[in-house]
Ligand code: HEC
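The chain below stands alone and is given in structure tokens; this is the form predicted on its own.
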Amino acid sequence: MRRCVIGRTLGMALACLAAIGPRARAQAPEPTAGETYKNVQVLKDASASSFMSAMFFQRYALGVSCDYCHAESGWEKDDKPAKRKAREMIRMVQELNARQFEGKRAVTCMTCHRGATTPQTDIAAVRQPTDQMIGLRRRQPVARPVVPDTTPAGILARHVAALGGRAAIEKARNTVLTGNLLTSGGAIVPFEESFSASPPRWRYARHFGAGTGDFASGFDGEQAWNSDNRGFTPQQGAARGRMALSAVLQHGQRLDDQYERLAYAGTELNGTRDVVVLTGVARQTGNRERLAFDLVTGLLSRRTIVTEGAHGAYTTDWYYENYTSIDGIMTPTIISEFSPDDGTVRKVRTIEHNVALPANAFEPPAKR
């Protein structure tokens, strides 16, 4: 076992990509929103996870936080007029799509609100900087780089080789990361993240300190769970799928086992770096995803997840940067996650493979 100390600074969230496990076994049907949450009146027949995705979608579409509609003393309460108005707007959107668009999702909250609580009716003028206008006139065509192999199998094989090769990856029975998490609210939070390769298991703990306490999420091979200052919550449906996927995306080999309908989608810029892009659907979650691999190094640099809800879709971007080699395996030491209104950046301080973990390392807090 080798321990790497990388440095102390900021830090970021969720999984380094990893060795892929078998396809998830069939799960019981997910409960509906009406069965799971109190006082659901409009989207009660939607699955619980789809309902929560719809809540986040509305939050992003209006540029607000959850307490804009919900009372802190009880989220099921109808104390705020904004919550009652939200139900009216949901019904309006449903009826409009049913009557005018044959039931297709053509209109959503985002169609009118565009990140504001009050929809804009006027179109504002936009001043274009002079240097940008001159730059457009002088800009020369840029030749796009040549991709050695545009097949999904070829791109993924190059990624595995860039990580260190299948033999080196398979020697890592487990991995433990520690570091600091920087939140969009300015907090710097110590974290630990653990993976087990076989069977795929995962635990991610954040230590917010006195007053807030520890937040933890995990997948023990069967059950996915979350524990925070609201208590312990088992995760089902798409939420369970996300955690199960985090458990298997440790070192990045056999990504094709986790995605259906993988297809080459061309090249583009990721910041200043050229990347080659694959699109596909994650088996564990059913979400559409885009995987961007650095054209020079072959390593995964960005993962874009499209979350479908009962009312619309939104994207979450993961960035993987500053790879370093530990025991012959390349691991990103800066990992960032950005949703439409929130973000975290993780700086990994230490990486250890093949650690002597407790037998209950991946179990929920109540069993530890």
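The shown structure was predicted, so the numbers you read here are calculated from the model rather than taken from an experiment. Note that residue numbering follows the sequence shown and begins at 1. Basically, rigid core = biggest C-alpha set you can superpose within 1.5 Å across the two forms.
As for the form predicted together with heme C, it is not shown, yet the points below apply to it.
Student: Residues in which of 175 to 183, 223 to 231, 109 to 117, 236 to 244 have heavy atoms within 4.5 Å of heme C in the model of the complex?
Tutor: Heavy-atom contact with the partner occurs in 109 to 117.
Student: Give me the residue from 334, 305, 43, 299 that has a heavy atom within 4.5 Å of heme C in the model of the complex.
Tutor: Answer to the contact question: 43.
Student: Identify which of 83, 273, 254, 166 has a heavy atom within 4.5 Å of heme C in the model of the complex; exactly one of them does.
Tutor: Of the listed residues, the single hit is 83.
Student: May I ask you to state whether residue 89 is within 4.5 Å of heme C in the model of the complex, using heavy atom distances?
Tutor: Output for residue 89 is yes: heavy atoms within 4.5 Å of heme C.
Student: Quick one: is residue 75 in contact with heme C in the model of the complex, heavy atoms, 4.5 Å cut-off?
Tutor: Taking the distances in the model of the complex, the answer for residue 75 is yes, it comes within 4.5 Å of heme C.
Student: Is there a non-hydrogen atom of residue 282 within 4.5 angstroms of a non-hydrogen atom of heme C in the model of the complex?
Tutor: No, residue 282 is distant from the partner.
Student: Though only this chain appears here, would residue 155 touch heme C in the model of the complex if you measure heavy atom gaps against 4.5 Å?
Tutor: Taking the distances in the model of the complex, the answer for residue 155 is no, it never comes within 4.5 Å of heme C.
Student: Only counting heavy atoms and a 4.5 Å limit, does any residue of 43 to 81 reach heme C in the model of the complex, and if so which ones?
Tutor: In sequence order, 43, 51, 52, 55, 56, 58, 59, 62, 64, 65, 66, 68, 69, 70, 75, 76 come within 4.5 Å of the partner.
Student: Rigid core fitted, then: does residue 343 show a CA shift of 2 angstroms or greater between this form and the one not shown?
Tutor: Shift at residue 343: below 2 Å after core fit.
Student: On a core-based superposition, does residue 321 travel 2 Å or more at its Cα between this form and the one not shown?
Tutor: The answer is no; the displacement is under 2 Å.
Student: Once the core is aligned, does residue 74 move its Cα by at least 2 Å between this form and the one not shown?
Tutor: Yes; that C-alpha moves by at least 2 Å between this form and the one not shown.
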